[in-house]
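Before any questions on binding or motion, here is one chain by itself as structure tokens, the form predicted on its own.
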Amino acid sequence: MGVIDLPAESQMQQTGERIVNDFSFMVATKNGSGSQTSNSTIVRALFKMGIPVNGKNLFPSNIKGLPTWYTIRVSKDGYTARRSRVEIVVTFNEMTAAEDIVNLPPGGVCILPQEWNWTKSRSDIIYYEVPVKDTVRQFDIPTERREQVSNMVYVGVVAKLYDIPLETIHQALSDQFNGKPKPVQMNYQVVEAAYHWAADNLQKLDRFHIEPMDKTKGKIIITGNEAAALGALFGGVTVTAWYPITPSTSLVDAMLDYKHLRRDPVTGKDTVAIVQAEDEIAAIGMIVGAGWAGARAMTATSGPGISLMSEFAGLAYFAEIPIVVWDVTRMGPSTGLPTRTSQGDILFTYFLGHGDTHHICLIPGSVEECFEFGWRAFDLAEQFQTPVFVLSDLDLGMNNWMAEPFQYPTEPINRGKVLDKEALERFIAEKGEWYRYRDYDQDGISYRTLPGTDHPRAAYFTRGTGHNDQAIYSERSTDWVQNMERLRRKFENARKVVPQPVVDYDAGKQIGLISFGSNDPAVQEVRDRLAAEGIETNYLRLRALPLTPNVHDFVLNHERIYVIENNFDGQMAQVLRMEIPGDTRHIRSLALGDGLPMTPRWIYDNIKRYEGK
């Protein structure tokens, strides 16, 4: 097992050995300087070398100028969680350089521009100074591109110092620019010049090394938002209405990039309509109308957009119209921290809408599940005739993750209880009637027709107001309670159908961990660390709400339960206490909510604190 987040007494002080493929480095630049390209190039190159790698972008919410950081973790053991410490920092932003250098552990590395004439304030770290401006001046680069291309200097220096082959960098650049030769050459020439300068002028003094491995063979690297877009397209989405909001915008951008996958092979026309609405209210209004008409309809947004969508969400719930809403969660309350990650919309989304409303929520924990839930959400929405919310977050949605190639959906599309003309005739012949909101199968799910069905009995009133099971307006208490009981019955039956949790359980272990979403890499890593110290744990990763029956069993079969989540109020712990019968005083909430991806270090420290070891 590799070293997870260690305390300040780092492994570098404990041993003089080489540290190979087991460290993190951070690039500090200014937002809008084009560093995303250079950072992605390094991540792609490491991935091509067969090294498990993960990149996380920490960027400000303004357009340009404020500090941004990008952390790259290489892990020979395949760990991808954010670490609370980095060993190498590329300081290309003078505004944050002092703080970035102070945070380095003893034995750490600082790469910075030579022209700063920076005072070496620490004697226990290693400095590499590189000539950024002089390197770029060698080439005829358009003035408007010089700042962006300047970041390629650190790519070349990092490649030389840490043994990333130039040909691998070139391949990564080619992937980054989709093989376009002009931008590839403009950037690569700077990389190459910086690489050779480092070879001639820098003596490697640190103990960090990168060596090729074979642990990424057959894998892909992709963001959760791109995976979600592909899943929706493979799942038969026909209408997407949206309004831009960080961090969900790139999900719909990816749909636009990939919608050619859904062109009619005969006419060549797109079979999916993607419409930018004037605001989030209009966006969900459009998909409610499309879902009512029989389309597979979705939108993507974040917390502030969910706020605006609440009334239409309640309408879709009560009128029983299938829609899908992706909530790529960011940090609130209010505008909050728009470019920070969070899992703070759980309670809000689960009960979204005034009155007694409950929604099915899917919670992907990997990009593979973003793809799967991209199509599965439509099946559930149509099966239960209800809104389905998918709760992703900024970390999973916008950052690059390694993944297994996605599996083409093998299940046929599930349209649920839809009656076309022939099916309606058979239904009436058998039952002698058909009423829109009558529970014929006692599962809470009624039968529906789609607008335009060519049958005189197919029409009905779709109502967000009180109605009886014949879709006739009613304010009778008995009709209201009967309808609400049916909706609740439908919701309770969903517990058996939603994605089941992933459970690792041994009856001999008394400590249970529960978490969900993008926390999973950190939880998996800390379990290894605890096990190495003799603290054995069971683990249940939630993948959906409402809770499934085996969640109840898991909670009640442990002496201590730790619920690990990335929000301030411990919202999932509240759901567990609310829905699980019996004594739940042994549930302990480990909730952080600092706007950053969860780290193994934080989980480890808190579990050790409560375990008293």
Partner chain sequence: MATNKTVGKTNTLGLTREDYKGNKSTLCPGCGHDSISNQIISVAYDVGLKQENVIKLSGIGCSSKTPAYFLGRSHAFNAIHGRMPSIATGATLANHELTAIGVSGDGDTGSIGLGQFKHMMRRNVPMVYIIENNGVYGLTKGQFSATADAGQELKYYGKNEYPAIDLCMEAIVGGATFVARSFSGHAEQVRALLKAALAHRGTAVIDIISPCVTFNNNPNSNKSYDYGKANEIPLHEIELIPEGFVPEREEISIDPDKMESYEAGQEILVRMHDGTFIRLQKVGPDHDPRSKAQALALLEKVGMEQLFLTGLIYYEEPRPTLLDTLHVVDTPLARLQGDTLRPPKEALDKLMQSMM
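Residue numbers count along the first chain shown, from 1. Because the structure is a prediction, the values reported are computed rather than measured.
The protein also exists as the form predicted in complex with the partner chain; that form is not presented, and the subsequent description refers to it.
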property	result
Non-hydrogen atom contact P142 with the partner chain in the predicted bound form at 4.5 angstroms	no
Partner proximity in the predicted bound form: K182 to the partner chain, non-hydrogen atom cutoff 4.5 Å	no
4.5 angstroms heavy atom contact with the partner chain in the predicted bound form for L66	yes
4.5 Å heavy atom contact, F371 to the partner chain in the predicted bound form	yes
Listed residue (I221, A198, A423, A97) with a non-hydrogen atom within 4.5 angstroms of the partner chain in the predicted bound form	I221
Proximity to the partner chain in the predicted bound form, single hit among V102, A459, V502, I428 (heavy atom within 4.5 Å)	A459
Heavy atom contact within 4.5 Å of the partner chain in the predicted bound form, the stretch among 186 to 194, 110 to 118, 518 to 526, 442 to 450	442 to 450
Three-residue site G236, D264 and P405 fully in contact with the partner chain in the predicted bound form at 4.5 Å by heavy atom	yes
Residues within 4.5 Å of the partner chain in the predicted bound form, restricted to 286 to 308 and counted by heavy atom	M286, V288, G289, A290, W292, A293, G294, A295, L308
